[in-house]
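In structure tokens, one chain follows: the form predicted on its own.
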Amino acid sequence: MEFRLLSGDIINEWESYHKTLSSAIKSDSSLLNQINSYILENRGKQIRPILGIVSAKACGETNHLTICSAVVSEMIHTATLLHDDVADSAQLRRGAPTVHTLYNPAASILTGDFWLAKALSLIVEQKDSTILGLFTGTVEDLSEGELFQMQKAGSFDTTREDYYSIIYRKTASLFVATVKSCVYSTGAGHKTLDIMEEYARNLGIAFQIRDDIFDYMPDLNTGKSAGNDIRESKITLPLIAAMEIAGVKEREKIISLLKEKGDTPENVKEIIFAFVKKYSGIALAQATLTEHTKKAEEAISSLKESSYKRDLIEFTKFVGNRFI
């Protein structure tokens, strides 16, 4: 969702968000400032901080703690992207050269470390143990999720249960921490926090499924090439869903191709794309995605009516947009 499409007014919060973010990443290093400027110039939709602020507005009055929570969410997200781009040898991010491509892998990793350290410092400054616990727990989840996915990529035995564990840790957990911290900052009670956690969890799961569907749709212009998951031996929902329907022999053939792709990854990619299409893997993944966006919308049904609640519902429609 784009900022201009919001019906609720968060202009003042958004200005404070950008001021706080810019201040938080200032450094004495000219190289680091140069890289930071490049990152800010090529930032994405900033869905997490927008979602956090809108969630807070839907539940109460925003304050400095709300803004800091939104900033921290984007800083942690950016840090993970800087690290991921090196791990994945990604040349482009949102259609622009990655930091490790423009500079070098060490610069990308160290900049990611800087953003993560600054994010945690900003939380500590707020002297709120609840919000500190939410975000430090998420950093643990992010690390464990990526490592678990790496482990499964090496064993080629990712189940649907494994997949859900991975995408909760690597994606949904940050959605949950962002929304809960921003809503908590307004003084919301436990019932409201539980409602918003359920909303954020399902939205985050749907968001990652959406991204995994994109990887099997080469005709979409998403800013990154399709088939990356296959090249990295990552088994995601479109392939899992297809393998659940296919016979044993075909499943074994696909796993064998993933294990022995050798010097012909493009051939393997096309074969797996065809397999997923044959067994409607994308359609099945889309159906699962839709289930989670519906659960997210249902979770906030009891919130009082407002333009901010409508925006939260629009977030679910944005994530659940059909591509087939």
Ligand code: FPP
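The model shown is predicted, which means the values in this text are computed figures rather than measured ones. Quick note: we count residues from 1 along the sequence shown, nothing fancier.
The same protein has a further form, the form predicted in complex with this ligand, not shown here; the description that follows concerns it.
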is_contact(residue 185, this ligand) in the predicted bound form, heavy atom dist at most 4.5 Å: no
This ligand contact in the predicted bound form: residue 126, any heavy atom under 4.5 Å: no
This ligand contact in the predicted bound form: residue 192, any heavy atom under 4.5 Å: no
4.5 angstroms heavy atom contact with this ligand in the predicted bound form for residue 158: no
Three-residue site 116, 139 and 142 fully in contact with this ligand in the predicted bound form at 4.5 Å by heavy atom: yes
162, 252, 84, 198 - the one with a heavy atom within 4.5 Å of this ligand in the predicted bound form: 84
Contact residue in the predicted bound form, from 131, 79, 243, 122 (heavy atom within 4.5 Å of this ligand): 79
Residue stretch of 244-252, 99-107, 198-206, 167-175 approaching this ligand in the predicted bound form, non-hydrogen atom distance within 4.5 Å: 167-175
